[in-house]
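Presented as structure tokens, the chain that follows is alone, the form predicted on its own.
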Amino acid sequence: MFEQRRGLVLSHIPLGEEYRELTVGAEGMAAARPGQFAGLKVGKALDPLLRRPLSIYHQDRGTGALHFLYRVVGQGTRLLSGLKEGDEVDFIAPLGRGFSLEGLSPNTRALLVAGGVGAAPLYFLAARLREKQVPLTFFLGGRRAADLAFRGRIAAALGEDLVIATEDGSLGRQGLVTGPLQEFLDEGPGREACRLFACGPAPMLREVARLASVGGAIPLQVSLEARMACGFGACLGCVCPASGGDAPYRRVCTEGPVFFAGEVEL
């Protein structure tokens, strides 16, 4: 169940020119699940009126503090980037449906595929998978090295389990991140033992879904990026087309943002 809270900024770290890691105190808050998000109020006035939805990047086990990874791209995130240590933040969390870990064990391999800041919910997922002793490979892609300026924490935690690709070849493998994923599926330990999790741009998700369906379907969960205005499913601003079922659309903020690939049109 989500709560509305006021928490203090514990740290706010610039990561390159465009990215920030924000940590907000949330003592006593219920544990979030990987894939869930928070709605942060980013200004003291009514402009901007709506909260900004940010995926939870990490949650401290002891203190409950929430970590967020975000990119500064518009008015709301520019205001957010001005927060300093000790400032107070009004937020609602945890929101949405997270990743399902059902059926995962040390005998399965989790393949995590992230495009850019889509790494945030998958890094949180990777930490929980490590606790369950589930082997994993994390595929992280971006257009150029500057788009992955936040990779330090991920690289330190995952080591050789992290595969990086950039379209211009400035870091890691050259090309789309789905390239090394396809190689792994073609040459790896067997598709029947794999589970796929992805978050990133829509074209990347579609290609991951295609790869998951070729040569024996691999279960795939995707975290969708959408404009979640209210966060409660009331405004219907974040709906996406459903794939089958009774309802023609799904609300990303409440029925997602994590879906199994067969639940929505990618």
Partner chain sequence: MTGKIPRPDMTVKIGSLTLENPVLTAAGCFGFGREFAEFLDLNSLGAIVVKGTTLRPRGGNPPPRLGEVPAGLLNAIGLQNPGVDRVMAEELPRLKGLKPPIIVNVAGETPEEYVETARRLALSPPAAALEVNISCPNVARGGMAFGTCPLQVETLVRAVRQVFPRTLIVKLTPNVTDIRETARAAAAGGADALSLINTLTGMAIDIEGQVPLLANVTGGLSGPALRPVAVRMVWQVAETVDIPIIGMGGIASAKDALEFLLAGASAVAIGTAGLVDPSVFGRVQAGLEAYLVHRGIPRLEEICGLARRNWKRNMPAKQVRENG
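Residue numbers count along the first chain shown, from 1. As the structure is a computational prediction, the values presented were derived from the model and not from experiment.
Quick note: we don't show the form predicted in complex with its partner chain, though the next part is all about it.
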Of Gly233, Pro201, Gly64, Pro219, which one comes within 4.5 Å of its partner chain in the model of the complex, counting heavy atoms only?
Gly233
Have a look at 30 to 38, 205 to 213, 64 to 72, 234 to 242 and name the one stretch with heavy atoms inside 4.5 Å of its partner chain in the model of the complex.
234 to 242
Would you confirm whether the three residues Leu50, Ile92 and Tyr249 all fall within 4.5 Å of its partner chain in the model of the complex, going by non-hydrogen atoms?
yes
Is Glu265 one of the residues lying within 4.5 Å of its partner chain in the model of the complex, judged by heavy atom distances?
no
With the partner left out here, check for me: in the model of the complex, does some heavy atom of Lys44 sit within 4.5 Å of its partner chain?
no
Using a 4.5 angstroms cut-off on non-hydrogen atoms, would Met228 count as touching its partner chain in the model of the complex?
yes
Those residues of 1 to 34 which, in the model of the complex, come within 4.5 Å of its partner chain by heavy atom:
Met1, Phe2, Glu3, Gln4
